[in-house]
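In structure tokens, one chain follows: the form predicted alone.
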């Protein structure tokens, strides 16, 4: 699996489950030159194949000079460029096609606002097909007590929209037979739809029959 070094363009502003009562902090973004310095260091320190970077920390599309950052990455010799987003900005206007044209080849969407995430993935997939280039979209589903029952449905919808892989982040929910059943169903739904599902959570969340789906942070709590 290719490794992408995270280049933080800011912090905060992450979408969260409204029913959990969490109110995310407003996003703040780093100065352009500071981010470009991080890009240069990443290029000097990379391990082949690469260098590969992913702009994140806050929604990449919120940075006021994102095109400048992508252009700087290209000029510094970055081979693969990725962006983290909640998907809604990706679906707006020509953002998907513009990012692709600028050199972005990997979009990672946080599936919290389902409508925005799916719209962004679909827009990216359409732009990739129209351009005829090799590019992918992946997604993460942060799991809570309010959406765990809908995991399989979310995986199916993202697969239809065009994702290449899905991470189910279940580290914030307690293990139970019911939760395990929902997570197993999500894994199976991904397999049926030819999309690999990786699960982040305690190792006992998944049965041995689904052990290959455990992510690197699947240690017991």
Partner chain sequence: MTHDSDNPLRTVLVGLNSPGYQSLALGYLRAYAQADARLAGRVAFQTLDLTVDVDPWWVAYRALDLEPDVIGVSVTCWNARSAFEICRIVKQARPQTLVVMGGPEVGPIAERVLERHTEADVVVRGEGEETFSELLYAITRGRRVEYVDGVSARAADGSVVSAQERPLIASLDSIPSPYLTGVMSPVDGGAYIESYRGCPHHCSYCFEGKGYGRIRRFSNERVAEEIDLLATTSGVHSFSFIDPVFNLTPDRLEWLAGRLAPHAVRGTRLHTVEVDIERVDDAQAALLASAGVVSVETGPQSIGADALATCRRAFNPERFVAGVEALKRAGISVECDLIIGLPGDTVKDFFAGIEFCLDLDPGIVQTSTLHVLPGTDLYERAEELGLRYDPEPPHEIVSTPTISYNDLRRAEVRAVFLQRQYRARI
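Residue numbers count along the first chain shown, from 1. Fair warning: this is a prediction, and the values are worked out from it, not measured in the lab.
Form predicted together with the partner chain: not shown, discussed below.
Colleague: Taking the partner chain as it sits in the model of the complex, is residue 182 in contact with it (heavy atom to heavy atom, 4.5 Å or less)?
Modeller: Residue-level check for residue 182: no, no contact with the partner chain.
Colleague: Determine whether any heavy atom of residue 47 comes within 4.5 Å of a heavy atom of the partner chain in the model of the complex, and answer yes or no.
Modeller: Residue 47: contacts the partner chain in the model of the complex.
Colleague: State yes or no: in the model of the complex, is some non-hydrogen atom of residue 212 no more than 4.5 angstroms from a non-hydrogen atom of the partner chain?
Modeller: Yes, contact at 4.5 Å.
Colleague: Taking heavy atoms only, is residue 81 within 4.5 angstroms of the partner chain in the model of the complex?
Modeller: So residue 81 counts as contacting the partner chain.
Colleague: Between 138, 95, 147, 88, only one gets a heavy atom within 4.5 angstroms of the partner chain in the model of the complex; which residue is that?
Modeller: Selected option: 138.
Colleague: By the heavy atom within 4.5 Å rule, which residue out of 27, 195, 43, 173 makes contact with the partner chain in the model of the complex?
Modeller: It is 195 that has a heavy atom within 4.5 Å of the partner.
Colleague: In the model of the complex, does every one of 10, 56 and 118 come within 4.5 Å of the partner chain, counting any heavy atom?
Modeller: Zero of three within 4.5 Å in the model of the complex.
Colleague: Specify the contacting stretch among 149 to 157, 32 to 40, 184 to 192, 58 to 66, defined as having any heavy atom within 4.5 Å of the partner chain in the model of the complex.
Modeller: One stretch meets the cut-off, namely 184 to 192.
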